[in-house]
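Two separate entries follow, structure 1 and structure 2, each one form of the same protein chain as structure tokens.
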Structure 1
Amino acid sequence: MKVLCYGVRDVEKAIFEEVNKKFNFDMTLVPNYVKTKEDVMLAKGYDCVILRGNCWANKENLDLFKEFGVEYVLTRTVGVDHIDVAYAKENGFKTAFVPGYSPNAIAELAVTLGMTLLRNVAYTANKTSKKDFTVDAQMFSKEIRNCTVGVVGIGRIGLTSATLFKGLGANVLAYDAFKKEGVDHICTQVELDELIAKSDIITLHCPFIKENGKVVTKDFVSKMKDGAILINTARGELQDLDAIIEGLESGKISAAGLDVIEGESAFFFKNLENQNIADARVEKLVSMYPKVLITPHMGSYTDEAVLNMVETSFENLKEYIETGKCKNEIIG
């Protein structure tokens, strides 16, 4: 079984090689995403391709994969937006995805952003990097045990975040669209308005559902506690950037930590130093550092998360080979 893994970053190679010791696939790792025809051409002679986000399995590329004899189009991601699933199925490809991976990867980033902003670490380090070692009023901080943290969405990641914040001593409130059982030892479930009004740090961990619209709106911001911190490691579409900028400018929001921004594919994963970002709102947010910390959708960029994604992808392929079926087949 010849397997071509696209979009493999140098730091991930050792993980792929270690996992493959169990499977013994004839595996090739390439850094290329599937974007150009040259990228697709690399699949010539392979039975299986393993994709990640931004590896476009559109009609054109799937036609080429088919011509080259590829049978399995797997993705090591949860999202499958980069695959034309209906067309892949029509053309007889076997597909699979990864239903989940280490929730701690994203939860730890949310906690880190929250604590960094609460303790004004970026602000302070920015000053000391210029050899200004004075201590000023901006560095004064509340301790997390004296804070209330509001977690919006207590699924896998949100509940992990809640657990971590609870472990640090915070009072944790949670709101989920569906009330959860068995979580009372970690958080107190309340209505969204109560969570917004009482939280010193709000962290989003719910999915973006188009029909439900944005979660962080002008109304949401207006109900926030004065000087609260907003963290979003979930989905950029959940937040109205104008509302957040207005909130930051007025001081209603003291700081924001964002791992996701709507339209992020236009600028994330690119070096745009000395260039303008087309979206003026993003340009504005960038300029608000260290009050605003932006990380480029790197929540899942950890050893454990990558290990989970690679292991599950290889298990998916093994299951297809042994049974002709796969429990993680992508349902189009």
Structure 2
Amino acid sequence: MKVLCYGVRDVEKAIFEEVNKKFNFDMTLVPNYVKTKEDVMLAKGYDCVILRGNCWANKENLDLFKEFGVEYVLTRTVGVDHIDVAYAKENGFKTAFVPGYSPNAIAELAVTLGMTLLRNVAYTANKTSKKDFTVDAQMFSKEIRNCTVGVVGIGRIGLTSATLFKGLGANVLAYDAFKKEGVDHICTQVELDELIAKSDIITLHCPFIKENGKVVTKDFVSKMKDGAILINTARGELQDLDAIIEGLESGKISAAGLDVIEGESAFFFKNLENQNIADARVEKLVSMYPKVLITPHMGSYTDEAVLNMVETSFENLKEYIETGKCKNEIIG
């Protein structure tokens, strides 16, 4: 079984190689994302491709995969919106995804962004990097134990974030479309409007459901507590950037930490130093540092998360080979 793994960073190679000792696939690792025809051409002669986010398995690329003899189009991600699932199934591809990985990876980043903004660490370090060691009013902060943190979505990741914030002493409120049992020792479940109004920090950990639209809208921002901090390590599509910018400019939102942005593949993972970003809203947010901290979708970029994703992807392929079926098949 010849397997081509796309989007593999140098620090991930050792993890792929160690995991493959259990599977013995004829494996090739490339740093390329699937964006151009040249990227797709690399799949010639392979039976399986393993994608990551921002590797586009659209109609055009799937047609080429089919022409090259690829049978399995797997992704080492939870999200599958980079794959035209219906067209893949129509053309007989076997597909699978990773239903979950270390929730701590995303949760720890959410807490880190929240605490960095709450304690004005980036602002202060930016000043001292210029040898300005004065202490000013902007550095004054509440302690997290005197804050209320609102967690929107308490699946595995959201509940881990809630647990970490609770461990720091915060009062944690939570909202989920489906009420959870057995979490009252960690958080208090409330309606979304109450969470928005009472939270000093709001962190998003919910899926994006197209039919439901965005979560962070102008109405959402207008209901926020004055000077609250917004964190999104979930999905870029959940937020209206215009609403966030307006909230930041008015002071309604004091700071934002964003690991995801809608349309991020146009600029994430690229070096655009001294260049303008095509999306003026993103350009504006970048200019608002250190009030706005943007990280390039690195929430899952940890040793444990990558290990989980690679192991599950290889297990998915092994299950297909041995049984013709896979419990993690993408249903679409």
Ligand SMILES: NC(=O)c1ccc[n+]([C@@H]2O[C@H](COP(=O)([O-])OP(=O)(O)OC[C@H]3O[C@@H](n4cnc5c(N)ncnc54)[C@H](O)[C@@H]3O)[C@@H](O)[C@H]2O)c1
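Residue numbering: sequential along structure 1, first residue numbered 1. Remember, it's a predicted structure, so these values are computed and weren't measured experimentally. Between two forms, the rigid core is the largest collection of C-alphas that superpose within 1.5 Å.
Here the form predicted on its own appears as structure 2, and structure 1 shows the other form of the same chain. For the conformational change between the two structures, the C-alpha atoms of L42 and A137 are best fitted by the superpositions of different rigid parts. When the larger part is held fixed by C-alpha superposition, the smaller rigid part is turned by 11 degrees between the two structures. Per-residue C-alpha deviation between the two structures, core superposed: D63, 4.9 Å.
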